[in-house]
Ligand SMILES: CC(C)(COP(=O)(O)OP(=O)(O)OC[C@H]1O[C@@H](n2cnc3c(N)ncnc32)[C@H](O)[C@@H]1OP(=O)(O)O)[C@@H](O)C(=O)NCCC(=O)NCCS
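The chain that follows stands alone, in the form predicted on its own, written as structure tokens.
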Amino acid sequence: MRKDHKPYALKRLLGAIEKFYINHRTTPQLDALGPAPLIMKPWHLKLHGANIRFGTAVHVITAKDRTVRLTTWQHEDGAGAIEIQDYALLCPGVRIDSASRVVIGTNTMLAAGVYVTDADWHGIYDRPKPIGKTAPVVLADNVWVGDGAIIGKGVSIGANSIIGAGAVVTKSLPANVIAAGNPAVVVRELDPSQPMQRREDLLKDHNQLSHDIDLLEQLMRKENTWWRWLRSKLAPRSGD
């Protein structure tokens, strides 16, 4: 479809269904969920294991063919933990696996298909051995990880740094750099004196933002009708 034909009333109804699902299905699976979460199609957010925590205004975008999957593992040497801090963004297809600890910092953004892991998941010489070597992963405040990047065990990434699409990060990186490649290396330094806009600058006034988005939805959908939406589903025409 070229256009979203859903009428405003239907959009509101779907939003209420998502909120109900978050409150009654998603929240019980989390050890913590901060206020003002936005989880689009929350039934495609797959949570497995304990010690998974979301901060304030965490945004998760999912799709039927690109679930977001967060998994922690309990094992004889310890247990995994995943902490998604305030205002973080997880895009479709993100996977995070933890056998020790993974921290996604405040305002940090993970683009589509990013994979973060803190373990090898098998022994190097004892291949059937589960978990293998593990070491915590920490992404600091305002990190941006590009499409399809992989971040391995023991890696720390400093504040504001950017990881290029498809990069494989095997060693820690400092703050305020752009890194790319396999293995990822620093290709450019950012200017720390430049003002930096963060997600929280947009999202910190949750109530006003929700109000503004609702007004925009009403404006954008004022021409949409139930009949037009139903027809576009059953018998789409050119231009739909």
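One-based numbering along the sequence shown. Computed from a prediction, not measured in an experiment: that's the story for all the values here.
The next section is about a form of this same protein that is not shown, the form predicted together with the named molecule.
K.L.:
Considering the named molecule in the predicted bound form, find the one stretch among 115-123, 132-140, 68-76, 161-169 with heavy atoms no farther than 4.5 Å from it.
P.N.:
Every other range fails; the passing one is 161-169.
K.L.:
Which residue among Leu38, Ile178, Ala175, Leu47 has a heavy atom within 4.5 angstroms of the named molecule in the predicted bound form?
P.N.:
Partner contact (heavy atom, 4.5 Å) among the options: Ile178.
K.L.:
Quick check on this chain: which one of Ile213, Met196, Val187, Ala63 has a heavy atom within 4.5 Å of the named molecule in the predicted bound form?
P.N.:
The residue from Ile213, Met196, Val187, Ala63 that makes the contact is Val187.
K.L.:
Is every one of Glu18, Ile22 and Trp43 within 4.5 Å of the named molecule in the predicted bound form, counting heavy atoms?
P.N.:
Not a single listed residue reaches the named molecule in the predicted bound form, so no.
K.L.:
So, in the predicted bound form, is Gly154 in contact with the named molecule at a 4.5 angstroms heavy atom limit?
P.N.:
Contact with the named molecule, no.
K.L.:
Examine Gly146 and determine whether its closest non-hydrogen atom to the named molecule in the predicted bound form is within 4.5 angstroms.
P.N.:
The answer is yes: Gly146 has a heavy atom within 4.5 Å of the named molecule.
K.L.:
Ala111 near the named molecule in the predicted bound form, any heavy atom under 4.5 Å?
P.N.:
Yes - in the predicted bound form, heavy atoms of Ala111 and the named molecule come within 4.5 Å of each other.
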